[in-house]
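One chain comes next, on its own, written out as structure tokens in the form predicted on its own.
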């Protein structure tokens, strides 16, 4: 039986971040994943500024390598298309055209990005065991005993579960699928989409026929595009929406989309996936275990941001794990500081995004903001700042913000 101080289950962004942080802390760990890499992960493929900042702190050389890698294209902004069809371009950096900035974000297939991160972690000494399908977890004599589907066994003092939205252990720990706090989505890859923005802006289309959901187009290297739709699961059920059919219907009928997809070709199939949203605060730790990433249900309710929040939770999990190993304290009460740390850093942002998610139910307000912003550089700069400034986003809850912003 293999024995380790900390076992990390899941080698996605959360697990890799946890492993890299534990290396910095000088704590022994082993990272296992049921897949063999490279492997696909259904996702929008957008790598946000939060990921960039976390990589800069974890290991700047990894960020530098990603910036130089052909697996990604730099993304410098976002285009919102309001229900009335009017588009609003918001750069993540106002003077990005000058060319003297590092990219604020990237777009890369998760097939490539996750493999890139795994290889960089291995180069830095992180031990990874692939094709280990952890199935059974038993607490015995103060340690965890973990058995794989093929009979392999590992003993660990502490577990970090970063194995995604369908984590069996997370369900046992009380992370349940609740449709009001869950998003359903479908994603496909296309080539030949009409697209000409030099800054590789991601696009979010809020079509009146699909509210409160949205349609996205994210450009990828090699002339490919990640295209998909997402909507909160309770709304999908109530409206009886077949997301794959609705996505293709929008491509064929929406006046803002059908011309751009006239010569486009669907590559492969349309895949579906679920996003456990962080719109509800949950217990994400217990005796000698921590949940991170999608296993902890930390996806941003408005933007669908998952990778950044996953990596942040992985780093915070590693910090508490290292403290537990050094102190010998693995009690649930001790572990709860992890919950406090994560929600102190993400909780306010997640709740604000939940409020913003609900604003999509008022298309007239969305149209008004876009119409005004298209005529006001000050308003465009304000919206751009919201991507980084949580204090500014907090003002979105106050009716006076819209009055002052739009009518003064």
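Quick caveat, the model's predicted, so the values are computed rather than measured. Numbering follows the first chain given and starts at 1.
Separately, the form predicted in complex with a small molecule exists; it is not shown, and the next lines address it.
- Only one of 72-80, 249-257, 173-181, 157-165 places residue heavy atoms within 4.5 angstroms of the small molecule in the predicted complex, namely 157-165.
- For the options 54, 32, 342, 373, the one in contact with the small molecule in the predicted complex, meaning a heavy atom within 4.5 Å, is 32.
- When you look in the predicted complex, the only residue of 219, 286, 104, 304 with a non-hydrogen atom within 4.5 Å of the small molecule is 304.
- Although the partner is absent here, residue 362 lies well away from the small molecule in the predicted complex, with no heavy atom inside 4.5 Å.
- Contact between residue 133 and the small molecule in the predicted complex is found at the 4.5 Å heavy atom cutoff.
- In the predicted complex, residue 46 approaches the small molecule with a heavy atom inside 4.5 Å.
- In the predicted complex, the small molecule sits beyond 4.5 Å of every heavy atom of residue 192.
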